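As a starting point, one isolated chain is supplied in structure tokens, in the form predicted alone.
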Amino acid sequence: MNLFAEIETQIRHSLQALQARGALPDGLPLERVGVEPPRDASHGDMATNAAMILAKPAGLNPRDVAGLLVAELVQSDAIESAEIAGPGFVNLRLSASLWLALVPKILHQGIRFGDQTGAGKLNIEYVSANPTGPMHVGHARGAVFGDALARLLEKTGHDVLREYYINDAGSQVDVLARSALLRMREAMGEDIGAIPEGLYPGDYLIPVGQALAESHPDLASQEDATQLQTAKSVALPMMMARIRDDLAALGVAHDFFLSEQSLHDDGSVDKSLEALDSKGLIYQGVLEPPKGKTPPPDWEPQEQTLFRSSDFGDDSDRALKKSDGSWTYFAPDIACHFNKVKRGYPQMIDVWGADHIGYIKRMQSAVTAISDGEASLEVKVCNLVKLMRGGEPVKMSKRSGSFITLREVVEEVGKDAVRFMMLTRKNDAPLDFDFDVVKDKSRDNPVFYVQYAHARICSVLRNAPEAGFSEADIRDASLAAQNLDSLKDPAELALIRNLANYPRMLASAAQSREPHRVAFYLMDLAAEFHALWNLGKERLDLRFLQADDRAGSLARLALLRATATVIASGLEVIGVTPEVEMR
């Protein structure tokens, strides 16, 4: 139930009625008409741009169109008043009964309030970290953003597949294998001294070395190639198991894992490039180095196999094979996305780190080319996270050897705090994660502030029966809007208006791929509730449990339950627990 969408529909019906009477011409772009909250709440409940949008194609002055629309709208029982503002905006005030009707509708739908349907299939790839070590806090941001985006899109009607692309081919995997072999020698009693530069130094590889020593005690006597392959066969599954476990601690899980090595092994990389070649998009040539920039790793001053990426909007063509015949990173990445298309996911979203911004255009060009324009790739970039404690940056970790791990942060502050705080900034903006703020039990800590609102409401509802208000009483009071007529105070109505904006916010956040909007909405909703709570301390008529105002108390209890329902629904979207009692 989206009250804004309902009023938008009513405005379109009014405009169509004006067209039917000849007051407005046919062929107007009614689909562009929108409704939103006014910037200043004193101007009304909603505002529409209808007159501004339709005036020019109608050949009329915007205020004249607005006058026609106002005269039509005020005939509706749902519209208390409609006024022309400025050059032609129309400000609306809705009838109180319309707002009050929202409360029983929320309670009837429960956390499904705001759900939408029929938006289609979509593939979201996120995290996809190299399986060479534990997840770090930067991965946490991408993991939370990707998972929250998947939840948001499911809430708004998409059929979402969460995908993890395992980068288990390439030089970094060879480094992992050599690091594991060194730890194997250590497990067999050898003093390995300091970890050589270029290998992974973290303690997390000690169990891998022990596993190798136990399962392959004679491995050290084998040829180097055999040692590397065996070490990979043991280390990679153990690393992926650890990654899955770390992500699970954050409440993140994937539906599908695609191995890069499998794309090489089954010929998918070759087939993808053959498909591009058949379209005349592959050629042999020498790329000019980027002007004024450090040349990228795949640039060579020699002839290479190139993809005509510039034909599809990229800055230049891109290398697929190096001069020695080995693939660049770009080639298997094309195969990966072609694989998604063939599995029935032409609509794709990738979540990448900020260090991959320069890779976006070429990947989007490849997707367009290989799918003949039938598939699309959106890329959402997650910027850096800076950990702070006592005003100072936190950088080092013994577990990883160089960085703070995701698991360490979750163990210190909890899953909910990590998830919520990662969504307190837009994904492409840098984020400071301050341990002191996250642990503070005050309104300065946004996750505490929102969870505390839900817990406070649960506390009132638990105490209601002792005050003479049974569960059945509250349920009966919330069955119809007329039972809620006592909700007249501006603070109560402000809370209801905020609840009404929830479905609209979800739709807008999903369309813009911005799950942080859900966290921001919850902070605003919590603030509205806490304001009402504090007013109740000062004014007897706004207290939630009053024996001498039974109808008013039951109405306020229904409003509180609706508020808790929306908070719980929003927290579910971002993967945070709606606490019933703060500890």
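Everything numeric here is computed off the predicted structure, so don't read it as measured data. For the two forms, the rigid core is made up of the largest set of C-alpha atoms that agree within 1.5 Å on superposition. One rule holds for the numbers: they count along the sequence shown, beginning at 1.
Another form, the form predicted together with the RNA, is not on view; read the next lines as being about it.
Contact with the RNA in the predicted bound form, judged as any non-hydrogen atom within 4.5 angstroms, is confined among 171-179, 218-226, 101-109, 186-194 to 171-179. Distance criterion of 4.5 Å from any heavy atom to the RNA in the predicted bound form singles out Glu300 from the list Asp473, Glu80, Glu72, Glu300. This chain appears without its partner; in the predicted bound form, the one residue of Thr117, Ser442, Gln284, Ser278 with a heavy atom within 4.5 Å of the RNA is Ser442. The putative spot formed by Arg151, Lys380 and Val438 is not touched by the RNA in the predicted bound form; no residue has a non-hydrogen atom within 4.5 angstroms of it. Leu387 falls outside the set of residues with a heavy atom inside 4.5 Å of the RNA in the predicted bound form.
Contact check for Gln304: a heavy atom falls within 4.5 Å of the RNA in the predicted bound form. In the predicted bound form, the RNA sits beyond 4.5 Å of every heavy atom of Leu122. Contact check for Ala531: a non-hydrogen atom falls within 4.5 Å of the RNA in the predicted bound form. Using a 4.5 Å cut-off on any heavy atom, the residues of 524-544 that reach the RNA in the predicted bound form are, in sequence order, His530, Ala531, Trp533, Asn534, Gly536, Lys537, Leu540, Arg543, Phe544.
When two forms of a protein are overlaid on their rigid core, residues whose CA moves 2 Å or more are considered shifted, and Asp541 is not one of them between the shown form and the other one. After superposition on the rigid core, the Cα atom of His516 is displaced by less than 2 Å between the shown form and the other one. Ala41 is among the residues whose C-alpha shifts by 2 Å or more between the shown form and the other one once the rigid core is aligned.
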